[in-house]
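Below you'll find only one chain, the form predicted on its own, shown as structure tokens.
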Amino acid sequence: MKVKKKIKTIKVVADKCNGCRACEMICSAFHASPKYSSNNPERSRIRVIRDPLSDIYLPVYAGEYTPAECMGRDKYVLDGKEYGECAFCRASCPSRSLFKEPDSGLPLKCDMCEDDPSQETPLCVQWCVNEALVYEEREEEIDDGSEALGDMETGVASLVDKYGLEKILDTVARMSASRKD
């Protein structure tokens, strides 16, 4: 059975980005705990790939977690400078620290600022003075039951990939026993 689902995306207009990194700052502040209490770009769900000498700035926002490294190692050439494909990749994966929570190592994913209170548009889009980030919504038909993993499931999957299921289960059992006391 097919159901309609609202798909939210951020279109990146690279020609308009000036590398100010306001998107990184507001994202990291919004996701601080408590909200707006600190500013650490390592916690940001959007990063600006910067090459000021070539005047290249490209915002990339965090996508899905992937437990495996990609097999391709393509190269891209922009204005005569060569970049590896990892520079533009949105995934949180084992081969790099980008889009991982700096304290726990858990993967980060853009949540379109859908927290309490929910934002009409993501804050990075609101704070982008050059309109390099554009919020878009569309509807797509998807198979019923093909929902993506939630934040909790993604975090647990990442921990299982890193430490193994048995170690995670032992830790949860030990924590449960200590809380009952």
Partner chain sequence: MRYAETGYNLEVDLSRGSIERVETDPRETELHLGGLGANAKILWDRVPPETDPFAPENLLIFSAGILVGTPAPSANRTIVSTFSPQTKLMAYSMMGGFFAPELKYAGYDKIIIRGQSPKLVYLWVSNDKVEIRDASHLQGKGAGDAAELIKKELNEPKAQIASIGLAGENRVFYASIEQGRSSASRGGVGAVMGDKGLKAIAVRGTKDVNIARPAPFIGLCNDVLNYIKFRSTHPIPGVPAILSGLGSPQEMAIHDESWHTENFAWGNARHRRKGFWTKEVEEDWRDTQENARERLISCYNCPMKCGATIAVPDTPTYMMKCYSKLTYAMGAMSDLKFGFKIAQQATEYGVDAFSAPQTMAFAIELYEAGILTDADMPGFPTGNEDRFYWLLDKIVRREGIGDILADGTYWAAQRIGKGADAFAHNNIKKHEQLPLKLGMLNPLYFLMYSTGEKIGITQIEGQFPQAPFNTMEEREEFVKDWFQVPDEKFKKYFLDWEPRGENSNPYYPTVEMSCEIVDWMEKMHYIDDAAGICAGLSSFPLKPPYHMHNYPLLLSAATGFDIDEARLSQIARRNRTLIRAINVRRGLRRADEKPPEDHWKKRFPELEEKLLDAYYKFKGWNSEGIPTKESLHELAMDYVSEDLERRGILKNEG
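In this text, rigid core is short for the largest set of C-alphas that superpose within 1.5 Å between two forms. If you're wondering where the values come from, they're calculated on a predicted model, not measured in any experiment. Residue numbers count along the first chain shown, from 1.
Although it is not shown, the form predicted in complex with its partner chain is what the next lines describe.
Per the 4.5 Å heavy atom criterion, its partner chain in the predicted complex is contacted by stretch 33 to 41, the sole one of 33 to 41, 152 to 160, 135 to 143, 62 to 70. Not displayed here, its partner chain is kept clear of I10 by more than 4.5 Å at the level of heavy atoms in the predicted complex. Interface membership of G105, defined by any non-hydrogen atom within 4.5 Å of its partner chain in the predicted complex, is ruled out.
Although the partner is absent from this view, T171 stays clear of its partner chain in the predicted complex, with no non-hydrogen atom inside 4.5 angstroms. Interface membership of R47, defined by any non-hydrogen atom within 4.5 Å of its partner chain in the predicted complex, is confirmed.
Within 4.5 angstroms of its partner chain in the predicted complex, the stretch 112 to 131 places a non-hydrogen atom from each of Q126, W127, V129, N130, taken in sequence order. Put the two forms on the same core and the Cα of R96 is off by less than 2 Å between this form and the one not shown. L78: CA moves 2 Å or more between this form and the one not shown after rigid-core fitting.
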